[in-house]
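This text opens with one protein chain seen in two forms, each one given by itself as C-alpha cells under the names structure 1 and structure 2.
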Structure 1
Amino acid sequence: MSITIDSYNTDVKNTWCPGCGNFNIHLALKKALAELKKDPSEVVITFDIGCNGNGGDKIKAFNIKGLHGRALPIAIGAHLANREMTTIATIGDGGCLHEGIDHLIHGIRSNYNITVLIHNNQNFALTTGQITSTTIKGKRMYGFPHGKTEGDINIGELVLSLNPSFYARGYSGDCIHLTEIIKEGIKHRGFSVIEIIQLCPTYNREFSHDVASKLVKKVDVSDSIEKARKHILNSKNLSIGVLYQNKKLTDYYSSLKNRKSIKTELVDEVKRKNISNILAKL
C-alpha cells in the first residue's frame, strides 16, 4: 500500500480557528512525510502545549503531547533511543523562546539529528493572545493595552549565532514550498530548525495573508552564515527557504566515541549485563 497524505490523517475533528496556519502546516508535514515514503509508524512527533499541541491527535504517528516548552528534550530522548525513527518536535514561538529557550540553544549546540518546527504566530494563542518575544511592538495584547515593554527575539538571528547545522524558514501560506523545506530538514543529518511564519487570524489579524504574501521572498540554500543573516535582517522582505545548511557538522550520536562500533539501537539493548569486570575495577 502506497503512503499518501491520507495515511497520516486521523478521524479526530479539527478545532483550530478558520484560516489558522496550522491547517497548512499539518498538510505540509503530512505531505513531506508521505513524499519521503515514511510510514506513520516510523515517525515520532512531540508536541508543545498550545494551538500546535492541539494537533497532536490530528496526524497519525507515534505522538507525544507533553508539557509547555518541552517538546525538544522529549524528542531528543526518543531520538537517541532509536534512530530508526524519524523524530520531529513541533513547538510554538511562546514555548520555544520563553519557557523552553534553553532546550533550543543546547539542542543546536549538541546537534541531535532531529527536526524542529517552530510555529511562529507571534503570540500565545491558546491562552487567548498573550505577548511573546516575537509579538509586534506596540500591538495591543491580552492584559497589555499598550503592547509589550520588552524587546524582541529574532529566531533566525538567535539560531544563526549558535553555529547551527540547519536553519530554514517557511510560510504557512505557501504549503508547497513549506513541504519542500520540511523534507530538506528531515533529510538533513543534524539539528534542523525550521521556523514557520504562521498566520493567526484570531490574535494577529494585522499580519494577514495579504500582508504576508507581499513580504515573503524565496531564497536559495546557502552555506554562509553571513549571507543568511543578511536575509534575516532585511526588513523589507521575509526571506523563506533553507537559509543556512552546514553538512560538515557531525550529529551528536555519531560523535559518541563509545557508540562508534555498535550497530544496534539503544532500544535493542535492554538486556541483563554482567558487571563483575566493572566491580573489580572500582
Structure 2
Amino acid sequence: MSITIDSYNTDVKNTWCPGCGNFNIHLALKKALAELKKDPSEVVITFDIGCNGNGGDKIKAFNIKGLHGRALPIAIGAHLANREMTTIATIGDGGCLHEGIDHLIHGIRSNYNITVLIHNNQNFALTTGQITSTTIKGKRMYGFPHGKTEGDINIGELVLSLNPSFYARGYSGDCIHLTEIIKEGIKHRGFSVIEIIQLCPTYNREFSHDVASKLVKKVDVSDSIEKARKHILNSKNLSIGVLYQNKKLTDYYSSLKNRKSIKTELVDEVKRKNISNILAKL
C-alpha cells in the first residue's frame, strides 16, 4: 500500500479560523511524511495546548497531547524509548518560549534526534490574542490596549546562540517550500528546530499574507552560524529555508557509551514483573 497525504487524514472536522496558518502547516507535515514514505504507524507527534494542539486529532499517527509548553520533553522521552519511530514535536511560540523555554534550550544542547515545529503567530491565539515573547514591542494586543511594554525574543537568534545542529525557518503561506524544509528536518540526525512564520488572521491581522509574501525571501542552506545570524537579523527580509545545519555534531543517544554495544531499543527491554507479593503486604 502506497503512503499518501490521505494516509494521514482523519474524519475530524477542522476548527481553526478561516485563513489560519495551521491548515497549511498540517498539510505540509502530512505531505512531508508521505513523500518520505513514513507510515503513520512509524510516527510519533507530540502536541501541547494551543491552536496547534487542536491538530492532535486531525492527523493519523501516535499522537500525544501534553500540558502547555511540554511537547518537547514528551517527544524526547518517546524518541529515547524507541528510536525506530520518527518523532516530531509541534508547539506554539507561547508555550515554547514561556513554560517550555528550558526544554528548548536543553534539547538543543543535548541534540536529541527529533524534529521541532515552532508555530510562531506572535500571540496566544487560543485564549483570544494575548502577547507572547515573540510579539513585537509596542504592538496592541488583548490585555495590552496601549501596546506591549516588554522586549521580544527572536527565536532564530536564541537558537543560533546555542550552537544547534539544525535551524530552519518556513512560512505557512508557502506550503510546498515548507514541506521541503520539514523533510530536511526529519532527515537530519539531531535536534532539528523549524520555526514557522504563521499567519493568524484573527489576532494578528496586520501581518497578512500580502504583507508577509513581500517580506519572505528564500535562502540556501548555510554551514556558517555567522551567515545564518545575518539572515535572521536582516530587518528588510524574513529569510526562509534551512538557514543552518551542522552534520558533524553527534546526536545524544549516539554519545551514550553504555549503549554502544546494545542493539535493542529501550522499549524492547521493558519486562513484566509479578508484584503480587508486594501488593499482598499493603
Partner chain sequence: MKNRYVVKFAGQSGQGINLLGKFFSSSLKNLGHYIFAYREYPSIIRGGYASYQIDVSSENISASSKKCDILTCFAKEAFDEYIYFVNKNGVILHSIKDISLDKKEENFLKGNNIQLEYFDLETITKKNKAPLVMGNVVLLSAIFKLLNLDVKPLEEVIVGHFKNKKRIDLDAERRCIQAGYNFNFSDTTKVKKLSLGKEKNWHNSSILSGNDAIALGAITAGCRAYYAYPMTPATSILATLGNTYQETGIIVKQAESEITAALMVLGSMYMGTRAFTATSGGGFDLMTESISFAGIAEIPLVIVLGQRAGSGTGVPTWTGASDLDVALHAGHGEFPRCVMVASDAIDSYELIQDAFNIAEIYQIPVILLTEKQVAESLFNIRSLPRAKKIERGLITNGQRRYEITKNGISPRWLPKKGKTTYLTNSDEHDQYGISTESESEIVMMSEKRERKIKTLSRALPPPKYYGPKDPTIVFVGIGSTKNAVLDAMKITKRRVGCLHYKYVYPFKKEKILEFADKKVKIVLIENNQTNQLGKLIKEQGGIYIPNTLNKYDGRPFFVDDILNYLKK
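Take the two forms, find the largest set of C-alpha atoms that superpose within 1.5 Å, and that set is the rigid core. Numbering for residues begins at 1 and runs along the sequence of structure 1. Only a predicted model underlies this, so the values are computations on that prediction, with no experimental measurement involved.
K.L.:
Mind telling me which structure is the form predicted together with the partner chain?
P.N.:
Structure 1 is the matching one, since it is the form predicted together with the partner chain.
K.L.:
Answer yes if the CA of Lys13 moves 2 Å or more between structure 1 and structure 2 after aligning the rigid core, and no otherwise.
P.N.:
After core superposition, the C-alpha of Lys13 moves less than 2 Å between structure 1 and structure 2.
K.L.:
Once the core is aligned, please say if the CA of Ser261 is shifted by at least 2 angstroms between structure 1 and structure 2.
P.N.:
After core superposition, the displacement of the Ser261 C-alpha between structure 1 and structure 2 stays below 2 Å, so no.
K.L.:
Using a rigid core fit, what is the CA shift at Arg272 between structure 1 and structure 2, in angstrom?
P.N.:
Shift of Arg272 at C-alpha, rigid core superposed: 7.2 Å.
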